[in-house]
Structure formats: C-alpha cells, structure tokens
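Listed next as structure tokens is one chain, alone, in the form predicted alone.
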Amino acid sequence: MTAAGLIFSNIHDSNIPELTRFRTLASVPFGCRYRLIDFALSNMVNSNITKVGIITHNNYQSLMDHIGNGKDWDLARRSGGIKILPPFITAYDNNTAQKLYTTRLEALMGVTNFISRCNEDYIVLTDCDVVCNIDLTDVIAQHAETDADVTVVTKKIDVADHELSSHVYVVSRDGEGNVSEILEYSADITGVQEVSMNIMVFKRLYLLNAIQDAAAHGYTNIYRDIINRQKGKVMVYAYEGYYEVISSLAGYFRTNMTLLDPAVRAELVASREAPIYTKVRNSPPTRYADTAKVRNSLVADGCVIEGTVENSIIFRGVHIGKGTVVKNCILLQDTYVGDRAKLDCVISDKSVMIKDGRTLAGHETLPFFLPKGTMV
C-alpha cells in the first residue's frame, strides 16, 4: 500500500492577487517562517509519502528557491524525492491557440508521464490554499479498506463562519460514506455543510484512465467530469481537525491571526508527532531594546524591536523603530518601520519601508496592503 503525491501550486493564485503577483500561492509566506506549501509537503512526508511532484504554472522562481533539493523535508533522495513539474503544452491539446492549463484536470493531463512512471498504488492530490495538519496514512488506509477508486477528504463547517469561494465544493453522501453528488459552492448554500478540502486519493490506474477519457471528451473539471460523471466508487473521509481555506486577502489575514491562539498553534504547527517542516535559515536571535513591548505576537529570528507590538505576526529581518505601535499586523520579511509610526491591520509584503511618523490603518475584513518593495 504505497502512494505518491501531487501538489497544485498555482491553481488558486487569483484568490489573493495582492500576494501572488510575483510568486505562486504555494510560496506565499505564512505564520512567521512558513510558506503555504509547507503544510501540503509536511502532511505527505509525515505520512511516509516520499515521491512528490509539484505542478507549477508561472511565477515559480520563489517556490524553487524555497524548496531547493527538498532536504529540509527529507526529500533529497536518489529514488523518489521531490520533483518540480513545470508547465508545458500537453500532448492532448490539439488546439492551434495552445495555452497553459487553468484547471486541476488540465494540469493532470500535463503530468501524465509522471503519473504513469510511478510504481505506487495510489496518487494523493492536494492544493496549497488549505491550511491543516492531517494524517494522510489514515486516509490512504480507509481508501484501501473500502477499495474505493477515489476518496475525497471533507470537513463539516458552518459556511457562515468561513469565507468560501466558488473553488470550494459541497459534498453529498449516503450513510455509508459513498459520495452521491458534489456541487460547486454558491451563496444560496447555507448552514452546516460538508465541503471538500481539495485533498483526494486516487487509484493510480483509475486516475490515468480518467485523464485519458477526459482528454478524449474535452472534459476540464475533476469534480464535475470525473467524480460526478464517472461510475467509479467515490468515498468520503471526514476530517475532524483544524481547517482553513484561504480565499482572499482577508482570509489570509484571519488565518494567520488564528496562530496567536496557543491551542491552534499546538495543533497546527507545534505538534511533535506531525511537525510542519520548512526551509531552515541561520538568522541571529531577535534583539529587543529596552523600549520594546511585545504582547500576544509571533516574532521570527533576525528582527530588531524597539517599539510596541501587539497581536501581530512578524517575519524575519523586520525592524520596528522607537515609539512605533504595531497592532494586528502581518509584516513580511525585511519590512522596515521607522520611529513613531502607527500601524493597525496592515499587511506588508517583503522589503517594504515605512518612514517615521506614518499612520496606516485597515480593518480585519479589509487589511491595508503594501506591495513588495513599497516605500511609504
């Protein structure tokens, strides 16, 4: 019972265009020291999946810089390991106006060779916009026990408590866990619903046949055209742990802020049994001046804190000047904040400079965003 993994790095870039202008969604920084892809990669490595393909589309230079040869996830291997699967025109595309993929199914058509060369029994598919710490060995074990062709990982949520996009799918099933229908989320769907986490396990040969059939018929949507249309056995795996899907800049802000809750942090990134791995950097410790006041915040290495920081996520190399007050903010790597500034609900991308005395404020539903390299 072996499995290989496939990660979609660009599928939902349009959800947070502010942060994906120069990078993939997979390489968006998260929680002081991580990138979003760290959760998908770590979930696979912690579940003994040691052959992982990462399907890219564009803007994947920062992703390659972050992953390197995969050694930080123990994936620098002679056999298996991590493989970047760059975009190319598929052999199935007979359109003269050829273009890159826009859906998961089209992306899978482009990596058919990777799937066909795998010797593993199963293929695990996952996106990068889902933040969770899940034991995939349980999912694969249930998949094998039920002899399913496809297993969809789901989570029961109250849709009113989550900001969901049309990329989220609602799952209907019978009492035995067999999927009867999967519908694209829309505003008229309310209450507690079981939604797909966009984590799926396929029998490898079933997936190959489904891709070939989709190419022959011009299908493009993995839910509508494979799961709903095909006659395979599709089962549900109900996940009970922490789950958030990042569908907007406000969702990114909110999900980062949940890490300030010790219980969430312990389950998500501080688990000894299933740690979240990331690229290791050798940075000096953060220096706190005598004037520094820090409350309920996460502060990475290599920072200089001379002002007040409350309820904030501070990445590596950030400088916060004297008399400055930073509240409810996410400051990405190498942000420089001068003296006597006031920031509230601000997200700064990398290498932003905020001069002395500036006052910037947003709201948790509409954070004030500063693009990479901005000077204010």
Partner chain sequence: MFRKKECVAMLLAGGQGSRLYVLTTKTAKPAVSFGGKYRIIDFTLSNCVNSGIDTVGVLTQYQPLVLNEYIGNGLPWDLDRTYGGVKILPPYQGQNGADWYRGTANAIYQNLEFINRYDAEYVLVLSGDHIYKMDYAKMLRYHKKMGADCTIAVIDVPIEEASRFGIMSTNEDNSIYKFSEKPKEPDSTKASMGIYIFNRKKLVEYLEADNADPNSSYDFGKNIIPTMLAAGEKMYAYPFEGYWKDVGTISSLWEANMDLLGTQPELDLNDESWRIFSRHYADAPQYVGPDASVVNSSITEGCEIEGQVINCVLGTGVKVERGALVKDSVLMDNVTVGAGAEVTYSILAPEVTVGNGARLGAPKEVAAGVTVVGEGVTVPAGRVIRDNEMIAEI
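Source: prediction; values computed, not measured. Numbering follows the first chain given and starts at 1.
One more form of this protein, predicted in complex with the partner chain, exists but is not displayed; see below.
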So which of A341, I37, I49, C32 reaches within 4.5 angstroms of the partner chain in the predicted complex, heavy atom to heavy atom? C32
Listed residue (A289, A141, V192, A238) with a non-hydrogen atom within 4.5 angstroms of the partner chain in the predicted complex: A289
Counting heavy atoms only and using a 4.5 Å cut-off, do N58, G68 and V111 all touch the partner chain in the predicted complex? no
Hey, of 173 to 181, 102 to 110, 240 to 248, 302 to 310, which bit sits against the partner chain in the predicted complex at 4.5 Å between non-hydrogen atoms? 302 to 310
Given that the partner is absent here, does P284 sit within 4.5 Å of the partner chain in the predicted complex, heavy atoms only? yes
Do V294 and the partner chain share at least one heavy atom pair within 4.5 Å in the predicted complex? yes
Mark T255 yes when one of its heavy atoms lies within 4.5 Å of a heavy atom of the partner chain in the predicted complex, and no otherwise. no
In the predicted complex, does R265 come within 4.5 Å of the partner chain, counting heavy atoms only? yes
Using the arrangement in the predicted complex, list in sequence order the residues of 254 to 286 with any heavy atom within 4.5 angstroms of the partner chain. L260, R265, V269, A270, R272, I276, Y277, T278, V280, R281, N282, S283, P284, P285, T286
